[in-house]
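We begin with a single chain expressed as structure tokens, specifically the form predicted on its own.
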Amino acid sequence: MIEIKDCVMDYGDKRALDHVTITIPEGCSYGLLGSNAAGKSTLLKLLNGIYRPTSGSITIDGAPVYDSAQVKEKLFFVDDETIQFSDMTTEDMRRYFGRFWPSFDNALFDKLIATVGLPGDKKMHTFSKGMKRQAIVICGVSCRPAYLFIDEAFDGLDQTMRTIVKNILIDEMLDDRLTVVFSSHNLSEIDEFCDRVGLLHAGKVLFDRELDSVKSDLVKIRAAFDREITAEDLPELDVKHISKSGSLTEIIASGGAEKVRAAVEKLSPKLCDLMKLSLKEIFVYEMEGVGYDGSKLEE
């Protein structure tokens, strides 16, 4: 388990993280969502013991991360920058990481390199961005960490390469209870891959919930009525949005499908259809109450 408690990170007079508290359970796929400068990369570096928090605490399996070689053997961090490996081949990287991670699995490394078809004798600076990302993710998975952290996991990858990287990660999560934490500004990546998501904005956590619970709680219904319907007609619901277009009224409310449908049907609609919300719509309506413009998030 990862526990981040009341964590603050200051760079001089600039506050990058502002009293962040998050718990990430073992075996979870956790997405850190937010725009540039939201604090995602800073938090990942704190989780890997690269930085020490100004205040608060970060523990993994109950032990502080910073300056702990024993804890860091359980972790692997895939930074967004790979220039430090430019003069290495994949074979060089195998030897390099094998020196620092006693759990490095050579058989798994060979299997994954063969699966994606990366050459063993060419240096990383000759690779495309997608090939570089595949190589470092393969090294990370082959170290057999308990926790894998990836900054902007799929940024710059085409759809084929995204699928390959995701499949590698999913296989390891299923086989070894690998916990994956990755940052992204893309909602579709979060929706496809994550069990739980945290939204950072200006160094603060605005949202930290399981995706399934969010999706099951917020409901969209399109219905046709003989009269104008307002939120006051649905006092038992927490109505997030209500609007009319032509003969149809769209209602978005929290409380789960059964409760929301039952409340709407009490008003005797001529038509009542339950609709699926996109993750972007969920964020738009969930975050309105705290003043965050969820419509700016990328799909």
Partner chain sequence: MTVQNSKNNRFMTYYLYRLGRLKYLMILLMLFMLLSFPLYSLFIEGYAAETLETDVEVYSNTFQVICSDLGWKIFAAGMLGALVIALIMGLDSFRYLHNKKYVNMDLSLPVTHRQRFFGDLLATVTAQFVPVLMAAVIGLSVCAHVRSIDYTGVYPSDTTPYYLQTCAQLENTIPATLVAGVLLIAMSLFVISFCGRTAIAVIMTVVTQIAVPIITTCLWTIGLSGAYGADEFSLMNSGFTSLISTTGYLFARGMSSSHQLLNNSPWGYIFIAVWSAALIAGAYFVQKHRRNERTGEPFVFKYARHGFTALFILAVASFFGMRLFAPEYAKYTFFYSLFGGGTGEKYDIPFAAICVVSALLIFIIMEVIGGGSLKKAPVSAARFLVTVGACLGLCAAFPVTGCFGFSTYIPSENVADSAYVSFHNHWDSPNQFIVPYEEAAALHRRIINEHPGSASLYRYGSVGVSIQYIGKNSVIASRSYELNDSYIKDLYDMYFRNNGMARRYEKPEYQGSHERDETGRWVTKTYELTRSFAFVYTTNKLPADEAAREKYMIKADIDPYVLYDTIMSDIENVTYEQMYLSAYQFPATIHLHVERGEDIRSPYNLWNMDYRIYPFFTNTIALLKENGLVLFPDNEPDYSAYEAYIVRACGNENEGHIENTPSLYSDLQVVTGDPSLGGNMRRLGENSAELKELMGYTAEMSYYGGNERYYIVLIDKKYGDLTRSVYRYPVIEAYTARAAEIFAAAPEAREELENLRDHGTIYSLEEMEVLEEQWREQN
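Residue numbers count along the first chain shown, from 1. Not measured: the values here are computed from a predicted model.
From this point on, the text means the form predicted together with the partner chain, which you will not see here.
Chemist: Taking the partner as it appears in the model of the complex, which of 255-263, 268-276, 66-74, 233-241 has residues with heavy atoms within 4.5 Å of the partner chain?
Modeler: Single hit among the candidates: 66-74.
Chemist: Although the partner chain is absent from this view, report whether G117 comes within 4.5 Å of it in the model of the complex, heavy atoms only.
Modeler: Contact with the partner chain, no.
Chemist: Would A146 count as touching the partner chain in the model of the complex under a 4.5 Å heavy atom rule?
Modeler: Contact check for A146: yes, within 4.5 Å of the partner chain in the model of the complex.
Chemist: Quick one: is T160 in contact with the partner chain in the model of the complex, heavy atoms, 4.5 Å cut-off?
Modeler: No, T160 stays farther than 4.5 Å from the partner chain in the model of the complex.
Chemist: Can you check whether V205 is within 4.5 Å of the partner chain in the model of the complex, heavy atom basis?
Modeler: Outside the cut-off, so no.
Chemist: For the stretch 86-118, which residues lie within 4.5 Å of the partner chain in the model of the complex by non-hydrogen atom distance?
Modeler: Going through 86-118 in order - heavy atoms within 4.5 Å of the partner chain in the model of the complex - the hits are M88, Y96, R99, F100, W101, P102, S103.
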